[in-house]
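Only one chain comes next, encoded as structure tokens, the form predicted alone.
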């Protein structure tokens, strides 16, 4: 009953405020109305009806701040907040932020609920659609029913096959060498900024095709940046119709990029000359009922494919660079591995050699353990869910934190140390199935995992051949918690050309 009341109140407020003029007074009044109404409704939701009192709900972390709840404490240091809650309340607990109730599942056993769940029970669209639809566009990803989205994911996955990945190694290596020519022989640079740009270029070359890659100039790069600006806490928490500058930039960028992609798609269709690349895979793809993808769907999937992976790969690549710069001996071992696996004169990389770079892969895995790019995976409970002896009510946002799971005291030995050697054994984290989930798990595993490994390993194989890296005055970046993807703060690295 309380869930229905919440949904009805939210819809009524949204419909009413959406008809207001976009002046400052209206916006302030709208925000006040939402705050007061949702504060009241969230309070109602926490009261158990007489019929529900026999159920055992997760421990609730109280807050004396109406509506906001624990938003300030969580936003300031989310990992510390969750770890403290785990120590005090156990693997399952609930709390309120911005009028929403969140239930976290920490530890392998509790997390299994999310990774084994069906979408009709723990729903992804209810959580992510307001964030992704303005960026990717309508008709794709979380804007369509889950069975359609699963078909779209299969189409995307079919374009990430081994044959394509083998070709991607050569493309990524060439893009990396060309990009870092501008760095010269030595200096200090923003590593995260550089790798963010490079990830866009390499992903576009591999996944979009030559036509779209050739269009990437400073103007298009700015459009990508504006579109990428749609992945913010504000976009997730606030109504999409608010006339915020970042929302307007996002929407304008989406229209322009979609227009660019549509023209390329139409030109490819009219040429009648199929090309063996990812774009052609989507043009040739059909749904189970035989319907082909239309231009709008292909454009949206191309945008989603690029931006969904850009955050994770650029962030992980940057963190990996700082871990290698911090441990010079480990960095030297990774360089020596290049010569052992590829040959003393370091010929161009190929896919089979990349697979033999075991130490580099272990460094990547350990980077993903200590700095997983996505701190929280979320679903909306559409039906009551059982976890660790508790019943999670309908309407709760159910969450798993890879960051916390990857460093729990009762799961990991030397949990805060960067130790690639822990992956020599297959018994990582005492064999607990959901203790290590940087790319999700089970039916919710990321389809881009293999491409991400190839992309990051190729980039760092190339960079280690070109440069030696050091921390600047011993500074290892702190974590920037203000962004949805936890990026390195002040990511300046020192480099010098490696001597032959």
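From a predicted model like this one, the values you see are computed outputs, not experimental measurements. Positions refer to the first chain, counted from 1.
Here the subject shifts to the form predicted in complex with protoporphyrin IX containing FE (HEM), a form of this protein not shown in this document.
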| property | result |
| --- | --- |
| Contact at 122, 232 and 382 by protoporphyrin IX containing FE (HEM) in the predicted complex, all three, heavy atom at most 4.5 Å | no |
| Contact of residue 201 with protoporphyrin IX containing FE (HEM) in the predicted complex (heavy atom, 4.5 Å) | no |
| Partner proximity in the predicted complex: residue 149 to protoporphyrin IX containing FE (HEM), non-hydrogen atom cutoff 4.5 Å | yes |
| Partner proximity in the predicted complex: residue 180 to protoporphyrin IX containing FE (HEM), non-hydrogen atom cutoff 4.5 Å | no |
| 4.5 Å heavy atom contact, residue 207 to protoporphyrin IX containing FE (HEM) in the predicted complex | yes |
| Which of 301-309, 161-169, 388-396, 70-78 lines the interface with protoporphyrin IX containing FE (HEM) in the predicted complex (heavy atom within 4.5 Å) | 301-309 |
| Heavy atom within 4.5 Å of protoporphyrin IX containing FE (HEM) in the predicted complex - the one residue of 247, 236, 93, 142 that qualifies | 142 |
| Interface residue in the predicted complex among 401, 313, 176, 367, criterion: non-hydrogen atom within 4.5 angstroms of protoporphyrin IX containing FE (HEM) | 313 |
